[in-house]
Ligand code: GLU
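First comes one chain, alone, set out as structure tokens in the form predicted alone.
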Amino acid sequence: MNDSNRVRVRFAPSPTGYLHIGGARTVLFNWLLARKHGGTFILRIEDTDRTRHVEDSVRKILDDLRWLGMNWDEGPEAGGESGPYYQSHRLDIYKTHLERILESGAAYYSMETREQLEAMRKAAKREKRNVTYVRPSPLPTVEEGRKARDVGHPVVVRLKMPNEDITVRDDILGEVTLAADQLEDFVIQKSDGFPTYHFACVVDDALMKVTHVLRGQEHLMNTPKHIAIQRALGFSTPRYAHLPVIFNMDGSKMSKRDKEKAIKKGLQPPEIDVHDFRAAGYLPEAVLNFLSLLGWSPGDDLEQFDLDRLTSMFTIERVGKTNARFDREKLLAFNTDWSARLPDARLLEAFKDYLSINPELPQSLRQADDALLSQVLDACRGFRTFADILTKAGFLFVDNEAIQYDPKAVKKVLAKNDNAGYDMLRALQPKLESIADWSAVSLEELVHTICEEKECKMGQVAQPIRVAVSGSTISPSIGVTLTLLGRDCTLARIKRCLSESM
């Protein structure tokens, strides 16, 4: 592939918050196509809609992309020959092309007020016809439009749609044709002087030499509009591929509103944005692996692969047409597998990232050194997400007096059979005080010795200790638990537990 037809793709988010997980799938497929063909992946920020702009969103999106490992070749902070990469910094460029399209007669000033447009809509409904904009006749001249704008009239610019069908040649869906009677003149510059998404997108794609546009199927009906603008400006049309929509397992569309609905019902909100999955303790390797299978298949029943292998296998031809379902249980299974097979150093790095973005976690855990964190990870092997580590070992990083005893655990383990668990703790206390070698091996041996002496099962010894030091029946193996906790804390917690039984 020579430089003249080298693949150039882009991802162009609007800064309205964190990156949606569906947007991450779009990023991934664009990134894979660029990497597969030695091309260029461009990041462009579409920030011309100031009513939807959320402060600090760009930083959040960049952080999400970096966490996923989706580095960009051109764009914010990376630079490039096609910048600026913020649409709000490209207004003079859009203005030049708007003037050109107006002078050519392919677009015109439209000066209807909101009241007039509303009257058009009502008339169409009364006459039981499609609600479409009716092109004025005669059209205002360019000079009339500019004068009206200068005196403060709400003037927009509309593209004059050709009276012909427009066919989208899609690399996934095939040919999709929109009939001429379904195409109305649409706004390409708003009354505030900012270009609409449609116009800015087309101009940027052309000037940035984008060769392939991969985006969700929800954009399919925008594409005929974009082709019309391209033709009016004399731009070439890139190759389009519209990706399957991602739905929840119940068939509803994954939306940021799902979180709002859950919160109103008092439920735990589902993860929707990339940041949600990061904060919940998922690994980017697992998330990317899972996302790659939402609409794409490598064949041969393959499911788990890293980015290098995924890049070598990826082709648009294997992207399907049918909508994808976001199976959270499958993602959790993927994350469990990735957690088990990642190298220790990489797992530690990911765990530290998880701790860094969750300020509500115990400070002693967030500030623990690498050696201790590695021990905790090893002790909790088999976890599904990093959040499970807090469930299993979070008590290690809580003050002794802050341990909360689960009433069910106390009843089942300590108070049952006439306080048998408490009695076991009293018998164990002096032995733990006197043990010389406070190591996992020695502590496990002590527990086994007591089991033999008292002719009881392992759980009858280990579980009372576990509840006393953790407050629940869940912890790593008892020897590792006590080693990580240390002699002083172990004895202090057992003493406190026994005092509360009196």
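When you see a residue number, it is the position in the sequence shown, counting from 1. Just so it is clear, the structure is predicted and the values come from calculations on it, not from any experiment.
This next part talks about the form predicted together with the named molecule, which is not shown.
Notebook entry, point to check: Applying a 4.5 Å heavy atom distance criterion, does Arg215 contact the named molecule in the predicted bound form?
Noted result: Answer yes; at least one heavy atom of Arg215 falls within 4.5 Å of the named molecule in the predicted bound form.
Note to self: Since only the chain is shown here, I'm wondering whether Tyr197 would be in contact with the named molecule in the predicted bound form (any heavy atom pair within 4.5 Å).
What the structure shows: Yes, Tyr197 sits close enough to the named molecule in the predicted bound form that at least one of its heavy atoms falls within 4.5 Å.
Next item on the list: May I ask you to check whether Arg25 falls inside a 4.5 Å heavy atom distance of the named molecule in the predicted bound form?
Entry: Heavy-atom contact with the named molecule at 4.5 Å: absent for Arg25.
Note to self: Please determine whether Gly479 contacts the named molecule in the predicted bound form, using a 4.5 Å cut-off between heavy atoms.
What the structure shows: Output for Gly479 is no: heavy atoms all beyond 4.5 Å of the named molecule.
Margin query: Using a 4.5 Å heavy atom cut-off, which residue among Ala12, Leu485, Ile494, Leu19 comes into contact with the named molecule in the predicted bound form?
Written below: Of Ala12, Leu485, Ile494, Leu19, the residue with a heavy atom within 4.5 Å of the named molecule in the predicted bound form is Ala12.
Check: Considering Leu243, Cys201, Val274, Ile188, which brings a non-hydrogen atom within 4.5 Å of the named molecule in the predicted bound form?
Finding: Partner contact (heavy atom, 4.5 Å) among the options: Cys201.
Check: Which one, 215 to 223, 400 to 408, 381 to 389, 331 to 339, holds residues whose non-hydrogen atoms are within 4.5 Å of the named molecule in the predicted bound form?
Finding: So the stretch in question is 215 to 223.
Notebook entry, point to check: Is any part of 34 to 59 within 4.5 angstroms of the named molecule in the predicted bound form by a non-hydrogen atom, and which residues would that be?
Noted result: Contacting residue: only Glu46.
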